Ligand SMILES: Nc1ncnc2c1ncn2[C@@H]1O[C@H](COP(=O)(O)OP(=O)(O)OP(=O)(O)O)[C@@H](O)[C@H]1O
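Just one chain follows, in the form predicted alone, and it is written as structure tokens.
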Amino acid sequence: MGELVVGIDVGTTKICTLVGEVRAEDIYVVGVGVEPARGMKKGVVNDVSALTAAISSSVHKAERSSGYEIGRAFVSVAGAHIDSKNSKGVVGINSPRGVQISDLERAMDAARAIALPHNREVLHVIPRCYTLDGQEGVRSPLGMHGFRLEVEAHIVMAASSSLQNLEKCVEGAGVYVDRFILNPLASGDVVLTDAEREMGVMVVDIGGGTTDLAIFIDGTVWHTAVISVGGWHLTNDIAQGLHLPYEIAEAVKVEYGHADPKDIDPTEMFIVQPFGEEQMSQVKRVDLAQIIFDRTEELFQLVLKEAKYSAYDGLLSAGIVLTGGSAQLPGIKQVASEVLKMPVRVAQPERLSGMADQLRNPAYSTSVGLLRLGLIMDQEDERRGRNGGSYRPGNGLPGIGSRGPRGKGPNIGKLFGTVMKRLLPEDDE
């Protein structure tokens, strides 16, 4: 088996730890640990001890199923504290051999040199395209001759305190955070096709507490955002509207939920027991669908608003790709298509093998994406360590220039032999 990678998807509703080998054709999963989330709300930590315990349980389950001890991992991050902006960096070229890797590094450093508000830090720096002596749209200027190199980069920022709190919880579970990765970047890496990335597409990852967005155009990321509305809000609306305990409302959503009232027989009923009632009550399924429709319509209105704010809404020829747990809700594709006026498809992770049956589900797109994208980022850091820095576009998400949240710690590729240790046979008993 080749190099193993670990990803921990810390969501509002679940914690998913995966251990897998990233191959050329697929991801071979050797360990899975899923635990209900505690201590998270809208993608932000609100109870350190509860979240630490949930992460620890998820990691332990993944260790038991894989037979490996987990020491470090790539960790997902989302929440309303995420922000992004586009920036340009310009440098002069004076090498007779043309543009060198060190020139790309200098250009990215120039783009990264932005004024950060208090309590903010850079999470990712992603090159969009280059301009060389006025020639725009250059994908990879490496080796090309010119005198003036300009890069357009997408910079993702996060609240330092939010990252520190999440890092404290993960490390409290005994796992070192190799780096944080923004949710929709991880999801997009496993649910999008190359053609969609080139033509222009928006990934809409509807999680438990947030909906995470990423716009891909010309093969790379042009815009990212996080909306503080997710599946939790759908369940909460059902609980409020039908006067149900939250757990029952969640079960009702899963079993009877539908986002489009037009597709529901108005005579269809189901039975629940509301608060304060000794007898079971009948509820029209179309009434449930109307509650869900109102919230999902609002959600996609917010998605449309964000697309228009980015000014790239007219470039999304491939439309919208829905993923995340709430993307499985029947009828949600139709609502999205009606509100956004674009092609819509629902996607899940593909090209999986090993312990992958439960992972072929939109709810696990971020979890699976962490493995592949984390390794790509790590390889970028390794190349930079050897040759001064590399930001070369390629298949999937190109040249992501981001180290760990505070740039700490050595490369996972060099340490993996000590990071994941094969457990002794007696440990598996």
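Each residue number is its position in the shown sequence, starting from 1. If you're wondering where the values come from, they're calculated on a predicted model, not measured in any experiment.
Beyond what is shown, the protein has a form predicted together with this ligand; the following relates to that form.
Q: Is every one of S84, H124 and I217 within 4.5 Å of this ligand in the predicted bound form, counting heavy atoms?
A: No, because S84, H124 and I217 lack any heavy atom that approaches this ligand to within 4.5 Å in the predicted bound form.
Q: Exactly one stretch in 300-308, 208-216, 131-139, 96-104 has heavy atoms within 4.5 Å of this ligand in the predicted bound form; which is it?
A: It is 208-216 that comes within 4.5 Å of the partner.
Q: Is there a heavy atom of M199 no more than 4.5 Å from a heavy atom of this ligand in the predicted bound form?
A: Outside the cut-off, so no.
Q: Please check if L329 has a heavy atom lying within 4.5 Å of any heavy atom of this ligand in the predicted bound form.
A: L329: yes, in contact with this ligand in the predicted bound form.
Q: According to a 4.5 angstroms non-hydrogen atom cut-off, is A363 in contact with this ligand in the predicted bound form?
A: Yes, A363 lies within 4.5 Å of this ligand in the predicted bound form.
Q: Whether G89 contacts this ligand in the predicted bound form should be assessed with a 4.5 Å heavy atom distance threshold; does it?
A: No, G89 stays farther than 4.5 Å from this ligand in the predicted bound form.
Q: Answer with one of E167, E250, D313, E150: the residue that has a non-hydrogen atom within 4.5 Å of this ligand in the predicted bound form.
A: Partner contact (heavy atom, 4.5 Å) among the options: E250.
Q: So which of G325, G319, G146, P261 reaches within 4.5 angstroms of this ligand in the predicted bound form, heavy atom to heavy atom?
A: The residue from G325, G319, G146, P261 that makes the contact is G325.
Q: Using a 4.5 Å heavy atom cutoff, which residues in 254-268 contact this ligand in the predicted bound form? It's fine if the answer is none.
A: The stretch touches the partner through V254 alone.
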